[in-house]
Each structure stands twice: as C-alpha cells, then as structure tokens.
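Read the single chain below, which is given as structure tokens and is the form predicted alone.
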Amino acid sequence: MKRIGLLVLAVLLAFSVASVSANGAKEGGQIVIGANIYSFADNFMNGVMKPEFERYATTLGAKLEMVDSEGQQAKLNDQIDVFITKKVSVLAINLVDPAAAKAVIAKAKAAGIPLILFNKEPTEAGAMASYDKVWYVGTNSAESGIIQGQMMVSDWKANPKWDLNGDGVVQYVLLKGEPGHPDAEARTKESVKAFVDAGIKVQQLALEADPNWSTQHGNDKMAAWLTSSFGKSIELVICNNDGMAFGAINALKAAGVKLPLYGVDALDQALTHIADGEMNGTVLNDGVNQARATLDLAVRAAMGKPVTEGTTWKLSTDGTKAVRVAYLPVTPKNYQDFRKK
C-alpha cells in the first residue's frame, strides 16, 4: 500500500510540474503562442519572418496563432484582447506603432501573460521596465544604415564615373520606409552620414517616405523622379528596404536608365538583382533568426524559465532586455553565400 501511495504521489507531482511548465497552455499542455505581423503586405515580414515563424513553431512543438494587423494599431489592440480572452500561453507582438508599446505591455501585464515584442522596438521611455515578463527581439537599427553607408562609400570611391557631373558631390534620392519607424529613421540618417564621415559631400535631391515599405511606392516615386527637373542629376538611389528597391529597379529599367542602387533585407529577389547587375548591394536583415529567437524566448517565457536558457541567444547588457540579431553586408562578391540552400 505504501508503494502505491508513493506512486500516486509521484504521478500527481509530475502532473503538477507539467501544468506549471505550460503556464496557461492549452490542448493537452501544448504551448499556444498568440502572435501577429503588423502587415502581411510587407515583403520582408510576410516573405521571410512569417513562414519561419510557422516552420519553427512546429519544430518546437508549439501552436502558433498568427494574425495580420493590417497596419492598424487599433486592430492589433483588439487582436491582443482576443488572445488574452483565449488565454494563450504567451504573446509575440510586432507593434504597428512603436509608440504604443506601453499600452500593449499593460494589457499583457494585467493578464499575467509573458510578452515578446519583435522587429519594432518600443520608442517610449520606460516601456520595457514596466513589466518583468516582457522582452524584445530585433536588431540594432543604426547598424543596417551604417553597413549600407559603408558599402556605398567604398563603391563610390572605386567608381569615379558614378559622379556624373564631376562635381565631387553625391546627388542622391532616398526611398524611406515608415515615418517614425526606428529602422527607417536610423537607416536614413546613418546611410548618408557615412559619406559625410568619409569627407564626401552629399546633396539630397528627393526623399519620400512610405508607411508600407512597398514595391509599388518605390516604382511610382522613382518613375516620377526620373521625369522631374532633377531627373538627369540623380547619381545614387538609396532604399531603406529591398521591397522599395525592387520598385525603383522596375522604374529604372522602364526608363532605360542604370544607376547605383542599394537596399536592406537581402531578400532572395534582391540577390537575383545583384547577380544581374541591377542592384549594387543590400544588407541582410536576418528575419529567420529574429523569428527563431522570438519563438525560443516565447516558449521559455511560457514555461516560466529564463528566456535564453539552453539557447545561443544573449540578452543585451544595456538594460533593454533585448536580443539583438546582427546585420551583414551583401555585395556582388558574396551574395551567393546568402542564397537559400
């Protein structure tokens, strides 16, 4: 009888531990991740991060419920309320508006649900410190602009014929992403600053922002610029992402014009454009590893474990509770290294 009693006790203890480790998981103890993408219309988010989320969640044995916030923060807020009502184990949230982080964090905190923010870093001071179960996965926004700028400076120096009017000044146009987005702001600033830091004068002929980072926007603006009063003065095209770069390439080809052009993301199509000599460089925005890090942290947070335990990810030491995934330069010399195997 004593053995039977001990056996029953052991089973009950095991069941208790399993229940705690799931931390609100459903469906027989399976961890359920309530996640969103700020907009499925975004080339990078929908084409790189979303499929990796779906694939990697399966390998982790977690259930992923992912929704499209369609570029609307109000819609995302409602989607989070639905996830909370469903009692998901953990939230993985791609903010539409980085300035709305505190409200999102407050929702998760009130529900006692761990939260992983990814790709769009909160801009509100103190937001991340307001909840002990919130973390961020993303990049160092400035790094992509710095790398892109360094590539452009190096190539500009190596190609004196790019200075079409021979005035020693880089006349450029810039396709900017979403206004206020940390990546768009940092890339815009740092890419041009690289020329200034190298002692090269610059002249901005035009700059246009697009909240959707879209190929159509890139095409329309580039086409308009080429037929404008300064169209023949453009010497360089800087793009905050590959999606807009693809549109600019389409417009340049339609006009029979070839100009140095750079993007960010290293989408597979960008590698093809580099191979074809239609794009001079891009910067790998490692969405695959951002997705993996987000889910690794989410699963461990749902289980009540230290979020980087048993992983290769490291939390930054700057107090931001962030995992930073590095950017890498992609050029005509190394683009084949980034082809999907």
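All residue numbers refer to positions in the sequence shown, first residue = 1. In this text, all values refer to a predicted model and were calculated from it rather than measured experimentally.
Missing here is the form predicted together with a small molecule; even so, the following discussion is about that form.
Of the candidates 293, 57, 299, 45, 45 is the one whose heavy atoms come within 4.5 Å of the small molecule in the predicted complex; the others do not. By the criterion of a heavy atom within 4.5 Å, residue 241 is counted among the residues contacting the small molecule in the predicted complex. Among residues of the shown chain, residue 285 is one whose heavy atoms approach the small molecule to within 4.5 Å in the predicted complex.
By the criterion of a heavy atom within 4.5 Å, residue 181 is counted among the residues contacting the small molecule in the predicted complex. Interface membership of residue 221, defined by any non-hydrogen atom within 4.5 Å of the small molecule in the predicted complex, is ruled out. In short, of 250 to 258, 197 to 205, 116 to 124, 146 to 154 it is 116 to 124 that has heavy atoms within 4.5 Å of the small molecule in the predicted complex.
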